[in-house]
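Below you will find one chain, with nothing else, as structure tokens; this is the form predicted on its own, and questions on how it binds or moves follow later.
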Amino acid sequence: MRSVRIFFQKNDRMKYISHLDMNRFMSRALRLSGIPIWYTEGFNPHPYLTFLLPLSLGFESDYEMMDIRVLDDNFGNENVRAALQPVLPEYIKIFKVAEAQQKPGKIAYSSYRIDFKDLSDELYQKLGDFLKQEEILTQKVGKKGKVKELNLAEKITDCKLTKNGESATLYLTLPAGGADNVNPTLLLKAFGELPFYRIRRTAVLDAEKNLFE
């Protein structure tokens, strides 16, 4: 038995699927694929799968990861891809299947692309000035309901705002993982009212800001 990490994109309609539903969906897909995967033991066995850094509802992504265990060591990575992709919808594209190089605890950052529609020149300037502030205070509610005050300005790295006509794009990197996790919607809500936007995760990085694999 060996562990396999599946890298995939999550596009379009799939952004409306919650993490719990995504787990159920992938479990069914793995059963349909015929991949010789390991099942959990107990009264209700199900395919073993683990999502690394689950995506927030409403986000698209270029970089999603799922770990499974394959029972047959001779069933190669390309076999996994060839078996699984045909049973997935067009909105999920597997771009790599490989042995895991890093443990989940090594995840430190996520990079995002946020596309705005109909952003006026005035609002573009205000957003740019907002992102340059040394202090952007907001509150984050933890899992146990504990409210924590954050200075988002200290969390933002590799921030870039560009404009093309009435459209604008914000690229930024924020802490991610178990130790510190900052959702980009916290930053957008701290700014205030904005026109329609789409959030896409472009990468998951380790502490040295290398691509997590």
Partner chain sequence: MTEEKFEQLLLSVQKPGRYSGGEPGSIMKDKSKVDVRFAFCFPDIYEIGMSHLGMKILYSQFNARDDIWCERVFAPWTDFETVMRENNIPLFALESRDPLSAFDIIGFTMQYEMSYTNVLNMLDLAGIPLHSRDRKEMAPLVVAGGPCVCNPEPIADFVDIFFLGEGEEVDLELIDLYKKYKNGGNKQEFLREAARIEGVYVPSLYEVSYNDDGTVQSVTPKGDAPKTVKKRIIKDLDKTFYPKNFVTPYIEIVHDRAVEEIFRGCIRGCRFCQAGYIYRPVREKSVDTISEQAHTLCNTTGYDELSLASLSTSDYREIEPLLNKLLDWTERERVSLSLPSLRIDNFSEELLEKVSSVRKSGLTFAAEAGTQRLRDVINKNITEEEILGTCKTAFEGGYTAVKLYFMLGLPTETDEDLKGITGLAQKIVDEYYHLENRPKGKAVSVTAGVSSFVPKPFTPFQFEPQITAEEICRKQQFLKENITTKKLRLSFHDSATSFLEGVFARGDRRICRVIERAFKNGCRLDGWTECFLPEVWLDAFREEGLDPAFYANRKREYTEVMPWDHLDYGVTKEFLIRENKLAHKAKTTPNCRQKCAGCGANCYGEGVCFEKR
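Since this is a predicted model, take the numbers as computed values, not measurements. Positions refer to the first chain, counted from 1.
The following text describes the form predicted together with its partner chain, which does not appear among the structures shown.
Undergrad: Within 4.5 angstroms, counting heavy atoms, which one of the listed stretches 184 to 192, 149 to 157, 170 to 178, 24 to 32 is next to its partner chain in the model of the complex?
TA: Of the options given, it is 24 to 32.
Undergrad: Find the only residue in K96, K93, K117, K132 having a heavy atom within 4.5 Å of its partner chain in the model of the complex.
TA: Result of the distance check: K117.
Undergrad: Which residue among G128, P89, P104, G76 has a heavy atom within 4.5 angstroms of its partner chain in the model of the complex?
TA: Of G128, P89, P104, G76, the residue with a heavy atom within 4.5 Å of its partner chain in the model of the complex is P89.
Undergrad: Counting only non-hydrogen atoms and a 4.5 angstroms cut-off, does G58 reach its partner chain in the model of the complex?
TA: G58 belongs to the contact set for its partner chain.
Undergrad: Although the partner isn't part of this model, could you tell me whether M14 comes within 4.5 Å of its partner chain in the model of the complex, counting any heavy atom of the residue?
TA: Yes, M14 lies within 4.5 Å of its partner chain in the model of the complex.
Undergrad: In the model of the complex, does F51 have a heavy atom within 4.5 Å of its partner chain?
TA: Flag for F51 set to no.
Undergrad: Might N44 be said to contact its partner chain in the model of the complex, defining contact as any heavy atom within 4.5 Å?
TA: Contact with its partner chain, yes.
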